[in-house]
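Starting off, we have a lone chain in the form predicted on its own, written out as structure tokens.
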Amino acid sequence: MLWSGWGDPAKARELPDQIRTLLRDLMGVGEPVEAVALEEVRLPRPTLSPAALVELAAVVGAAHVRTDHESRVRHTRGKSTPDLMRMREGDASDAPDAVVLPAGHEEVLRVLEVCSAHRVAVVPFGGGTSVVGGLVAGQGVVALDLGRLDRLVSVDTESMVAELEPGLRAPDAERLLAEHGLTLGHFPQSYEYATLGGFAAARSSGQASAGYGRFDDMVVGLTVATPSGALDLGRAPKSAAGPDLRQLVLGSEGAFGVITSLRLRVRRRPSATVYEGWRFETFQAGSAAMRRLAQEGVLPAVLRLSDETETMIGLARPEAIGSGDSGCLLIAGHEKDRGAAAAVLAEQGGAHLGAEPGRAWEHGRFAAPYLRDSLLAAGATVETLETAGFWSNLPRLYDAVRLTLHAELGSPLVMCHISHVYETGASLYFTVVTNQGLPEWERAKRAVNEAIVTAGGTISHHHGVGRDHSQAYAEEIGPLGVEILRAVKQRLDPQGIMNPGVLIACPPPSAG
């Protein structure tokens, strides 16, 4: 993955002329911005003690404790726009002192023992795709890279459960499962680089969530290494034996421990998926159609609706950017008979556009982060944010976010889509393009967080909490909820070494 951007540099996208014109004439975006060279990135002086490094090397092997310039740079922060803008300027002031690569559960436990003894903070690192400040390291910090935990351990085709290790990247997991005719069906925009452990730790949701559910729906069991010992959770699909502690780990973002194994529900690979496009006159009309599909139980595997602005710009179909399409584009992906879903969409006023829009979306569905890199290089600030709410509150939530962004950023380009739906509600995913700089964006993001909480939405549907959302998350769960999580962290991580500052505000340990 490109250290100063997203993904494979060979897949970088040229901005269409229409977008360049929009940036220059309508948004006043200035001159292109080039990233510094890798060797010019500024790193802080390490503070990790030699004794700690020696003990870590004794656990994982000297070759798997890395302190070189490139390893530290590549494990600095995640892939949010603020993360990337700072990296492009050569600012790696949050770089870890060392990168440690354990080979299994026992090695992870021993690494945590060493770090607890030396009061060294640990940031679990999977694919490095966090967009909410979930991977900010800092001095006296070890980045715990799980890339060596990358096996498909077992497949139980009778129960349709597979055990996989957390460092497996999603495409590799799909390739290994395909050999058994199986799939997870989990394809988020981070699919090409994200890991299974990251999906679980952040409660990821993929583009086929309408058919396969969120990633946390797939987790039937997991093993966790914590500074206080190991947890092995999940003996049955469902249980009445007290609160489900699996749910305490899912979404915990490494604040309590490190997921070292996952038992996941799998399904048979579909013989084919047929994608198609539908046009609705308004976002409200398209949303009503999605709600009916969800509540009548006739959801396709993929269901996504772009608002008027996103449809006009063409972001839903990167190959059609600047097409000027009107109305709202809905993309549906069917793995089974499409008849029932198509009938509902038509009855709700949808106009069938055929297969071309669906094929175009399928072809470019992982391209948006590359487009963001091109926009950043052109001098624009572009970022995403998301929330979710109940159907009856969704219009209020949509308006609250848009109005706040316009109030804070002047005349930004604000686009939105719905891509995860439930019987009771749905998510809203916004993309924002502005000529404002990083300080202005960070101020606007804080204001949007407040607006989401006030409007009754959740601070995150699938990006997670990280550091960026910790204050709003505290407001969402209330003071008693925060105290409960702090008590859990104190019991599992008494030295406070696990990803300090993520999820709930706790002071980082003093490195020794």
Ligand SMILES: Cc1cc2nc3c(=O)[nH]c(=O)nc-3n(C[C@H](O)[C@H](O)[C@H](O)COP(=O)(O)OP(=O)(O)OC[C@H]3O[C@@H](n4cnc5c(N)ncnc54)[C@H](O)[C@@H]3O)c2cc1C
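Keep in mind that this is a model prediction, so the values were computed, not measured. One-based numbering along the sequence shown.
One more form of this protein, predicted in complex with this ligand, exists but is not displayed; see below.
- Remark: of stretches 331 to 339, 200 to 208, 99 to 107, 344 to 352, the one touching this ligand in the predicted bound form is 200 to 208 (heavy atom within 4.5 Å).
- G128 is the sole member of G277, G128, G185, P227 with a non-hydrogen atom within 4.5 Å of this ligand in the predicted bound form.
- Distance criterion of 4.5 Å from any heavy atom to this ligand in the predicted bound form singles out P369 from the list G358, G314, P369, P300.
- Here the marked residues P124, Q189 and A194 all reach this ligand in the predicted bound form, each with a heavy atom within 4.5 angstroms.
- Contact annotation: G254 falls within 4.5 Å of this ligand in the predicted bound form, judged by heavy atom distances.
- The closest non-hydrogen atom of L394 lies beyond 4.5 Å of this ligand in the predicted bound form.
- Taking the partner from elsewhere, L146 is found to have a heavy atom lying within 4.5 Å of this ligand in the predicted bound form.
- For the chain shown alone, H463 is a contact residue for this ligand in the predicted bound form, at least one non-hydrogen atom being within 4.5 angstroms.
- Residue N499 is the sole member of 482 to 499 found to place a heavy atom within 4.5 Å of this ligand in the predicted bound form.
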